[in-house]
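Form predicted alone, single chain, as structure tokens, below.
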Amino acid sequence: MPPPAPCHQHGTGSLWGAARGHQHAGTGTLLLCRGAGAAAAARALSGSAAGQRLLAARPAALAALLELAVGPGSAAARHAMDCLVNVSAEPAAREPLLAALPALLALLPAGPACGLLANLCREGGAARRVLGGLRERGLGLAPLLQPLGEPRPPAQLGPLLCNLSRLPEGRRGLLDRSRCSVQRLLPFTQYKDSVVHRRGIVGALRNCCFEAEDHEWLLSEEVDILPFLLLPLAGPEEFPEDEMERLPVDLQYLPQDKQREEEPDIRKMLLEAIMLLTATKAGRHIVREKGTYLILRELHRWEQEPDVLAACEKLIQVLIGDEPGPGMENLLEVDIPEEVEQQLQCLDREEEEERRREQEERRQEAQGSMPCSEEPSR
């Protein structure tokens, strides 16, 4: 379960020259004395990988930026927090920032604070400390779930929830049946205002599906996760009446302008989530009964990305194949010998390479059918 890409705030390149003046031993003092100007310069410096490494290696600068960031909502505080979001992707900055965890948690659910914590939580130990800090405040995941009811939640909230849910204790928080937490995530599988938030939410849902004991509950009417995973994969195709009746109501008679999820990695995560839900015999039965194969059949005809196509094919094979033998009903608990696993991985790589070759051949054929220009483009 690789974490999402780091969150970043974009710096202003015109301040680069000013930022270079604060690269040496008194950076922390300068930041505090000069306030917004120095914080803006540090923000610009953090816009490059080299600048991030430079700041991450200076604990005094990080301490000064933290002091500004947790202060009143001034321009200096905003610049300092943006800078820390960028620097927090650097491993060297992790411990100095985690030392200020109580102050950072107090800034939730503001978007920059979510982004900073999301970057820190790409590492499992840091994510565990963040979850511990939330528990110590007596709030659990509540500060992160509350913004989901607002018209525009912070875009960085999705990646934070995704990274926290990589841990079993994070998944338990989202799967707490008494709080209806996971249900709050479901509408965002089709959230159009932020692909960053949508990607993170889908990743969190996919991670929750690793908990096999919750599969029947997730697929039940109480949660009804399957239509929310299938709808982004569905297109405008029309189905015969007998097939239409097999689909969940939310997937019937979709409009002619219905579009599939545009991001390949999100489509792949949606397929992986459904695949996880088929790990148990009961889960496979429910997923089959809801007409999932019909949506996947049309997706397979439409899909062009090799990785997504492979994930789709594997899921189809599970749905149309025979049931596993006795003792293998739960696919997540099946022990695969190491040599067999290596052979399967090798076959997967060969299949993926074959798909890429076929895709490249189709692309070249398409280009060959186009008229050539008189001169190559420069």
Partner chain sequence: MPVFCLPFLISYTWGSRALLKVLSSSACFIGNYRSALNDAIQAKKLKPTHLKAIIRGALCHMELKNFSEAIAWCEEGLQIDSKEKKLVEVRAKADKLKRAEERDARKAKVMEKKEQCQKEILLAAIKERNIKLALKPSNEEEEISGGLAEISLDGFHSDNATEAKVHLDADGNLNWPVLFLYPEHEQTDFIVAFHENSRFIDHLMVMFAELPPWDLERKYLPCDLELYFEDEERAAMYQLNPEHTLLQVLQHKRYFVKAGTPTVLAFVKSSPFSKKYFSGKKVHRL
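Numbering follows the first chain given and starts at 1. Note that this is a predicted model, so its numbers are computed, not measured.
Below: the form predicted together with the partner chain, not depicted.
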| query | finding |
| --- | --- |
| Among 128 to 136, 221 to 229, 291 to 299, 99 to 107, the region lying within 4.5 Å of the partner chain in the model of the complex by heavy atom distance | 221 to 229 |
| In the model of the complex, the one of E95, E262, D193, E238 near the partner chain [non-hydrogen atom within 4.5 angstroms] | E238 |
| Exercise: Q146 in contact with the partner chain in the model of the complex, heavy atom 4.5 Å | yes |
| Contact test in the model of the complex: P168 vs the partner chain, heavy atoms, 4.5 Å | no |
| Exercise: E245 in contact with the partner chain in the model of the complex, heavy atom 4.5 Å | yes |
| Residue contact check: M275 to the partner chain in the model of the complex, 4.5 Å heavy atom | no |
| Residues within 4.5 Å of the partner chain in the model of the complex, restricted to 239 to 274 and counted by heavy atom | E241, E245, V249, D250, L251, Q252, Y253, L254, P255, Q256 |
